[in-house]
Each structure stands twice: as C-alpha cells, then as structure tokens.
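The chain that follows stands alone, in the form predicted on its own, written as structure tokens.
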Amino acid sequence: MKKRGRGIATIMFGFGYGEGFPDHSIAAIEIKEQGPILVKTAAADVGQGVLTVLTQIAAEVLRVAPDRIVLSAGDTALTKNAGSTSATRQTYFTGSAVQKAAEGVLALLYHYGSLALHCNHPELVVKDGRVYRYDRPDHFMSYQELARLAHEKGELLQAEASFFPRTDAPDPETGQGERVYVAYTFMTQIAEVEVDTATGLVEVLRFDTALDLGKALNPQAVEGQIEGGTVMGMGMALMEEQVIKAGITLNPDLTGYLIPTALDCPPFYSRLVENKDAAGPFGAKGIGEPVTIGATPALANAIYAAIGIRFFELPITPDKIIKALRQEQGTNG
C-alpha cells in the first residue's frame, strides 16, 4: 500500500561568523586606460555563483553592461582578504565590499568628468561607459579616457573598500544579544511524499519553498541554490548514512553511501520573498546554507503524516520504516 503525506518546516538562519567574531571582506575596483573594468576580490566561488553576483553588483553601480567587468578572483598578488566561503557570507560581505568600492569609483568618474567637461557634478550623466553633460550628450568622455586623465595627474581611477559589520557576543546565561548575527534568512518548505508500506521506499513527489532573501540579485541562481540545497536535505533525510564499525567506515564509496541523483528530484516550486530588510548589497541576504536546513524536517513531518510514525534518527531508510511499521502492527495487535 502507498500512503501520501505532506510536511512543513520553517527555519531561520543567522549568517556570517557572528557572535562577536571579527568578520570582514575587502574588494577593489580599477578602471584602466585600456581594457575592461577590473574587480579585485579573493572571494572563492565553489559553485554557488558569487563571482556572477559580484559582477552584477559592480556593473549595476558603475552603470555598464556586465560584460565590461572582469574579476581577478583569487589572485593573491592583487587581492586582499575576503574571508572564507562559508557561513553563507560571501554575497553579503564581499558583495557589500564590491558595492562600496564601485561607489568610490563612481564618485571619481563624476570628479574627473566634472574637471574634463568643465561643469558641476549635477550636470553630468554617467552611463554606459561614458560621462557627458545633460545638455551636450554628443560631447562625452569614456571611462578609459578619464582613467588616462587621472594617470596624467599621477593618480589612478580606482577605489578599495572594506565591509566590517559589528556583531555582539551572546550573553553566556541567556544566549541572547542585541546583534548576534548581521541578519537572518527565513524559509518555509512543504514536502509531499508517498511511502510504500510494503517496501519502505519513500518517493518525494513535490517541494514548495518560500524564501525570504531580502533581494534576489540573480533569481535564476537563487532558484538553483534552493533546488540544490533541497536535494542535499533530501539526502540527509532519506539516504546518506555513514556506517562505522570499530572506527572504520564500511561504506566509503558511492556504491554503499547513497546520494540523491537527478532521478530522485521532484518538481520544485519556489517563491522568492523580497523584503530588502538587510544591510547587504541592495538588501540581499545570504541563502547558501539556509536552503539545506528545511528539507530534512519537512520530509520527516511528511513521512509522519503519511504513516503516523515519528522518526528521531536520520536517515529514514526503507529498512527503518519497515521495522517501525512492523513494531506498530505488533503493538496494535
């Protein structure tokens, strides 16, 4: 017999190191006399797409197309500390540093543009790699020409910025603090499953997600992270079990240690809730780890809704389900 059930889970996640630990990121942006605009950051992209987001942030502030931006990511000769790619922090921290550096370069574009075009800042338009006066749009200077003007003055058209927010150590008695983390991401997920009571197999039929992320800088990438994180949570809930005996892992390969594949993935339906209530770039929050947290309890609740049995140990594998069902039947006579 196959039984269906739905389960819900709501989570909150404080991102960044938090709890009073120093946490910051440094970024720099330079416009050279030739070539693209260079963004210097040590932020590591491990597949989450942060370099794409940083490119978007720089392009948005500097009012150019993203293809005008080049990142010197991870070049230790050019970059300064961006912190670790962990704690769901890179978009918030390095994104904020890049935004501040870009705003510094934008201010220099206005400065050198006003000198070159003999006007005040409010009379200028800075757009599409050009600086010109409102009343003379055909008389412009490119960003690169302004970089040359700065070089002639012995200066560079560049800016460096750091983002270093404060957090508070929690009270040792209560665990509370005024600002323990820089911000919080909130998410609710609903899982729908079908449990085969003859085999114990659980088929995930659907996942619905509502994610409060402040601002979706790249909605497609956010949806990808929701789906990837949810699949990781599915693995934790249903499959991934490390078997250890006498200190030795008995299933050290993917033959015995199962992880979800594309064939295990259900349809995903995601809603991005944009509140812009954080101090991140354009109001964005971190989402990397939060989207892995809700799937497991949602699935556990869905299985409970389907067969009426609570499980308190992960993963909830078919053999555990069959054993629990048999015990339930024995208890009920």
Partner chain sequence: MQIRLTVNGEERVVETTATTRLLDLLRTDLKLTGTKEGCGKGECGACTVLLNGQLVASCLLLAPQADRAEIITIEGIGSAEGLDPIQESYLEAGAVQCGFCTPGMILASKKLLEENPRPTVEEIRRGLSGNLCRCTGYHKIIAAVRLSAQKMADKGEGKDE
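Numbering follows the first chain given and starts at 1. If you're wondering where the values come from, they're calculated on a predicted model, not measured in any experiment.
Same protein, other form: the form predicted together with its partner chain, not shown, and the subject of what follows.
Novice: Heavy atoms within 4.5 Å of its partner chain in the model of the complex: does L146 have any?
Specialist: Looking in the model of the complex, residue contacts with its partner chain do not include L146, since no heavy atom lies within 4.5 Å.
Novice: Look up in the model of the complex whether G308 has a non-hydrogen atom within 4.5 angstroms of its partner chain, and give yes or no.
Specialist: Result no; G308 lies far from its partner chain in the model of the complex.
Novice: Report yes if any heavy atom of G47 sits within 4.5 Å of a heavy atom of its partner chain in the model of the complex; otherwise report no.
Specialist: The answer is yes: G47 has a heavy atom within 4.5 Å of its partner chain.
Novice: Hey, in the model of the complex, is V105 touching its partner chain, heavy atoms inside 4.5 Å?
Specialist: No, V105 sits far enough from its partner chain in the model of the complex that none of its heavy atoms falls within 4.5 Å.
Novice: Only one of these stretches, 97 to 105, 137 to 145, 111 to 119, 256 to 264, has heavy atoms within 4.5 Å of its partner chain in the model of the complex; which one is it?
Specialist: Residues of 256 to 264 come within 4.5 Å of the partner.
Novice: Of D168, E240, D196, E160, which one comes within 4.5 Å of its partner chain in the model of the complex, counting heavy atoms only?
Specialist: Result of the distance check: E240.
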